[in-house]
Every structure is written in C-alpha cells, then in structure tokens.
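Next up is one chain by itself, shown in structure tokens, the form predicted alone.
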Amino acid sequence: MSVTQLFDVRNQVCIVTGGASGIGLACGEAMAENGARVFLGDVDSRRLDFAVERLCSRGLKVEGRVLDVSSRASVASVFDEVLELTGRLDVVFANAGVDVGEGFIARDGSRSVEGALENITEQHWRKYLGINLDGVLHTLQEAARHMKPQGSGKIIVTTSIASLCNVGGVGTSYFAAKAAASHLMRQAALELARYNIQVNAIAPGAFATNIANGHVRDPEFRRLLESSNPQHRVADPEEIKGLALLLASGASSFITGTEIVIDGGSLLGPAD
C-alpha cells in the first residue's frame, strides 16, 4: 500500500469543533488539503467566517457552523444538519476548549488568591467543565449516534499534557477537565470498538494558538515555556497536521484508546 493510499481521506466528511482557530483549524485544514469535506464548528462566528473564507479561497471544501459544545442541543443540531447534507460522517475532531485563567501561582510567581483551591467558585467550575469536559461528552455522543449505524468512524479528542502532569500556573479546573476527557476517550474507545469506530486523543503541549487570548504569544510567557522545553521552542499549529491526518486516516486502523503526546519533549523536562 502506498503512502497516498494509507493516509487517504479524500471525500470523507469531517466535523471539527473549536475549528475557527489554532489546533482545531489546523486539523480541519489538514483534512481539507487532502480532499475531505470539512465542517468547522465554533462559537465565535466572526473568526469562523474568516477561517472559512480563507480556506475556500484556496479551493478547499470547507463550511462553517456556529456551534456551542456546552449545549448538547447545539451539537446535535449541527451533526444532524451535516448528516442530512452528506449522508455520512467519517471523522470528528472533539477539539473545542478554553483556558480557565491562572492557577494558584500567578504570572509573577507569587501565590494567587483568586486561583487558590478554596476560592474556586461553583460558577467558575461549572462554566469551564461545561466546555472542556461536557463539550467532549456531547461531541462523542453525537458522533457515536451517527457513526454506529454506518459501522465506521474516527473520533479524535484534543486533551492536553495537563491530563498527565500538574503545574501551579494553570487553573485547577483545566487539569480536572483534561484528565477526565482523557479517561472518557478511553471508555468511548472501549465501547465503540465493536462498531469499527476508533477513538483516540491528541495531547498537545505549548502551541502558539489563540487560547487565553493568545497568551503563549506574549514574549515573556513564551520565553518561560521555551526554557522548560528541551527543544527550546513553542510549536506552530501547522505541526499538529501530521498527527491529525494519521489518526483520521486508515493508517491508524488498529489504534484506539490511545492518547498521543505532542509536546516537543516538555514532559521530559528541560535538557539544558
């Protein structure tokens, strides 16, 4: 089998949540560049329109849908519309997520009162788990609902290295949500294997995206991230494309329930 055949996603139908920017957009772009029909879903309609216009100007088959992953009704509406238009659903990227603010360590290295464990409000907890965890559940549910009858499918969840480690500078609810999403992915993989549906996760480290208003692009914060990475750099979203294509294509036909870290070695710690 040739490489082209192995990674062939031509004419597949793909939905990407959180697809208007960053990692989600890069995943959708990778699929569209290789012949898939891609639907980008995002709550930010302005950014979504810009992304779709840019990709369509290149001749790619991309459409946008306003989608709020914290609402299962919103997710269901978009999935139903896509199925009505195309008659199938091959690949879903459950990517939507948001940063939750600082943790118990503030940017200047001091202890944060707002981020302290005892000061996490119920409103904050529910809001961010509603997006970062419930959003994954809703996407998995709707993907399963449509993929099980056709007996095939690929679902890729964006988790984070936060599901595997802890640091003080990131809000507590983010770690809880990402760790839970990782375990939820494995449970879904176990259940859906019978239906020839592979479910996996991508666990990114530091990528230069718009999350938290693009704080990774702040020179001071970026230098901090780079100093803790053995490659001394932050990744560009383009660097997610190869892994996204692997997990969306037939090349990963015997991979399921796996969380693949893509962090430039950050979990290893600094080398020098």
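Residue indices: 1-based, along the sequence shown. This is a predicted model, so every value here is computed, not measured.
This next part talks about the form predicted in complex with a small molecule, which is not shown.
The closest non-hydrogen atom of residue 226 lies beyond 4.5 Å of the small molecule in the model of the complex.
Shown alone here, residue 34 lies farther than 4.5 Å from the small molecule in the model of the complex, counting heavy atoms only. None of the heavy atoms of residue 9 is located within 4.5 Å of the small molecule in the model of the complex. Among residues of the shown chain, residue 178 is one whose heavy atoms approach the small molecule to within 4.5 Å in the model of the complex. Of the candidate stretches 77-85, 147-155, 192-200, 96-104, only 96-104 has residues whose heavy atoms lie within 4.5 Å of the small molecule in the model of the complex. Between the options 43, 52, 243, 60, the residue in contact with the small molecule in the model of the complex by a heavy atom within 4.5 angstroms is 43.
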